[in-house]
Structures are given as structure tokens and as C-alpha cells.
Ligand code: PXL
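Presented as C-alpha cells, the chain that follows is alone, the form predicted alone.
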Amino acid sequence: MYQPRILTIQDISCFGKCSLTVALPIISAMGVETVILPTAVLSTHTGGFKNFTFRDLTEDIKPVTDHWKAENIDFNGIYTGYLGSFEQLRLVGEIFDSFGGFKLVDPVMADNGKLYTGFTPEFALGMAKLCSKADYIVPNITEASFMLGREYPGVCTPAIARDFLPRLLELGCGTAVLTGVVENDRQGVVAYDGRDYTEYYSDNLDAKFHGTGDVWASAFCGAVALKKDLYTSLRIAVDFTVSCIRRSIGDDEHRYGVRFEESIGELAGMVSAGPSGRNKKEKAKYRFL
């Protein structure tokens, strides 16, 4: 029986639900073998915590991948999240060239119009270069603005998304997905593959939690690895993320991350559903040809 194998490259926050501690269980729960390559180890994630510890693992990346090459280990896809330096960008570019499968880049570096601490506009251009090697990129509107050198537009509407997405494809990627797109009282994603715009929305919940972007990207990666079509992959990722947020609203003790563990059972059901779950009405509502 076919079981895809995914490599995910990002940091480990020992406490806090983000990066590898989110990607590994979510993608694995979808029935996809998940191999990890940690880029750093932190005692907690950086959102809302002080005096966290940090150990850079950049020097371990090449010896690990050299061993994999010697063992003839390969992958059906590679998914990258938070990368913390130009050297890590360079090494990941080499990994993309050396191993098979689709390449998915989540350019985690900015939100709400600002770069995260430690990142620069020059780093954003380096991330854009890595995106040129990707089959899928999944930035938010802030990250897209910095990679394209465009003014941050604020709230990302469907019209703004359709303006930005062709420019993102010019970076060289195969399909670009903008997350955090707001349409009236709904929020979702819009994707463009050079031919069609595909979008999917759910309720715009009045809640903010750390790590929801990692939850979304991980579920999307798992769906792509399972060879779901683009619409279905977007739907699974959005619906799962919304379910996780709903379970976390009102739980002030978990502002550091969503209670995704309680929605894993729903995720399995989403994956085993039909090829897209889309009827004609949904197609007219969500897809622009």
C-alpha cells in the first residue's frame, strides 16, 4: 500500500504548539510518514515567552542529509517552515536540488505588516529566491509584500489576493497560496497556479492563537502528499484549522497554541472523505476559472 514520505525542515520549540511539534503529529495523523530535520531547538516558541533558550543546529544539517544520500533515502515531498538564517536558506536550496518530491515553502518571517525580530528586507529577498525552487508557496500577505517589495496593503481581500498571486508566481514557483484572506465575515485562502484561481473560506473567528499558520500549512502539506486536488487540500487545511481554533476559544491557558490534538479525529475524517466534497454551487462560490 502506498504511503508517502514527507521531510519537514523547521525548528523545534519544546513548549508551545508550532513548527515541528505541530507538523509531525498532524502530517503523521493523515497517514503520511513524516521525517524531520530540526534547524534549531528552543525551550519555548518566541511568541509571548521571555528568556527562552536557543540552540542553532545549522551545522548538523549537511551531515544528516549526507547520511540520507548514502542510505539512498528519498522523499515524496519536502515542506519547510521557519528558517532562521541565510545559511539555512542556502542549505535548504541544496536539499531541494538533491532530493525528490514536491517542494512546499511556508516563508515564515512576518505578519501584521512587520518582519519578525531578527529578519531584514534582504532576508525576505533570500526567501523569495528559495520560493523560486518550490512547487507550492503559502505566504500571508505581509510575507508576500516583503518578498515582492510591494507596499503592505493591510487586510487581504480576494481582490488584493488576485492582484498579488500572479506576481508571486513570477518568483518561479508552481502554485502560490495566500493565507488570511478576508471576505466579509469569512476568512480563508486563495490559490493561483497560472491558470485558475481557487479559493476556500470558513468563518472569520474573533480569536488569535500562536501557531495556526503552522497548523494550516501542515494539514495542507499532508493533503498534497496524499495527492488530493488543490481545492480539496485547501478545504482540508482551512476546515481543520478552524476546528482547532473553535476548540481553543475561551481557553486562556492555551493562548500559546491551539488544542489541535482534540481535532485529530476530525482530520482523519476529512482526509477519508470524497475527492473534493465540492458540489456545483460550491464551485461557483469558491472557484474562479
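Keep in mind that what you see is a predicted model, and the values were worked out from it rather than measured. All residue numbers refer to positions in the sequence shown, first residue = 1.
The discussion below concerns the form predicted together with this ligand, not included here.
Checking V242, L42, A29, I61 for any heavy atom within 4.5 Å of this ligand in the predicted bound form turns up a single hit: L42. In plain terms, the part of the chain that comes close to this ligand in the predicted bound form, with a heavy atom within 4.5 Å, is 205-213 out of 205-213, 148-156, 123-131, 182-190. Although the partner is absent from this view, V108 contacts this ligand in the predicted bound form, with a non-hydrogen atom inside 4.5 angstroms. At a distance threshold of 4.5 angstroms between non-hydrogen atoms, C18 is in contact with this ligand in the predicted bound form. None of the heavy atoms of P38 is located within 4.5 Å of this ligand in the predicted bound form. This ligand in the predicted bound form is approached by Y82, whose closest heavy atom lies within 4.5 angstroms of it.
Heavy atoms of every residue among S13, T46 and Y116 are located within 4.5 Å of this ligand in the predicted bound form.
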